[in-house]
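The data below hold one chain only, encoded as structure tokens and taken in the form predicted alone.
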């Protein structure tokens, strides 16, 4: 399988603080990869570097053969990005379909007037995300899970080769989490998925590869190989209990954010 994202010797220093140090990983397409680690581990900085939003101090990143910092616009056309949900304002009562259409209109010149084909495409993506029935419901009236799936539809409308999600389960109830997971699993055959999580339990059985990060890569690979007591202690600075059921690891992280 192609290695869509190749990172070698990545170092990032922000405000004289070394956020990432000597990160080298491969992230393959058509798989679900999770980045796990404590607060301040550099998880969000890593995905921003992949998107070309943060400049490396040294090292290299190649995304589909492109350099994110030099060719970021090309990469951002190929990757759908869902920031953390709290980054969005819910004060404006616009229909959910307009939120999705923003994903198409943002890169166009004025006047940014969606065509019938744009609307059809937006409705199709809402359908793929399982929320076509709320296309015209105000975004600020949706539940956390519904909002995330509308934002997922907005990412899909660009027909990306990859989707990156930053803490997609934050502020989402158990039912909403399950609906998001079902949607992502349906997409995985066609689109690579990279997620930042602070707790992998909701999606543990579906993870193909896991990156355990705390400024450095502690370990990466299949979760059963990465989630060892030794690796978790190196990442979090304390002992983390692990439950293993049917070869699936569930680290009991709770609210541990070293």
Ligand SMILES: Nc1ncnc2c1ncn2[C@@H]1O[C@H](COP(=O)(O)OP(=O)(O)O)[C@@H](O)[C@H]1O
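Positions refer to the first chain, counted from 1. Bear in mind that the values here come from a model prediction, so they are computed numbers and not experimental data.
What follows is about the form predicted in complex with the named molecule, which we do not show.
- Not displayed here, the named molecule is approached by residue 14 to within 4.5 Å at the level of heavy atoms in the predicted bound form.
- Contact between residue 58 and the named molecule in the predicted bound form is not found at the 4.5 Å heavy atom cutoff.
- Residue contact with the named molecule in the predicted bound form: residue 19 places a heavy atom within 4.5 Å of it.
- Interface membership of residue 42, defined by any non-hydrogen atom within 4.5 Å of the named molecule in the predicted bound form, is confirmed.
- In short, of 62 to 70, 226 to 234, 32 to 40, 201 to 209 it is 32 to 40 that has heavy atoms within 4.5 Å of the named molecule in the predicted bound form.
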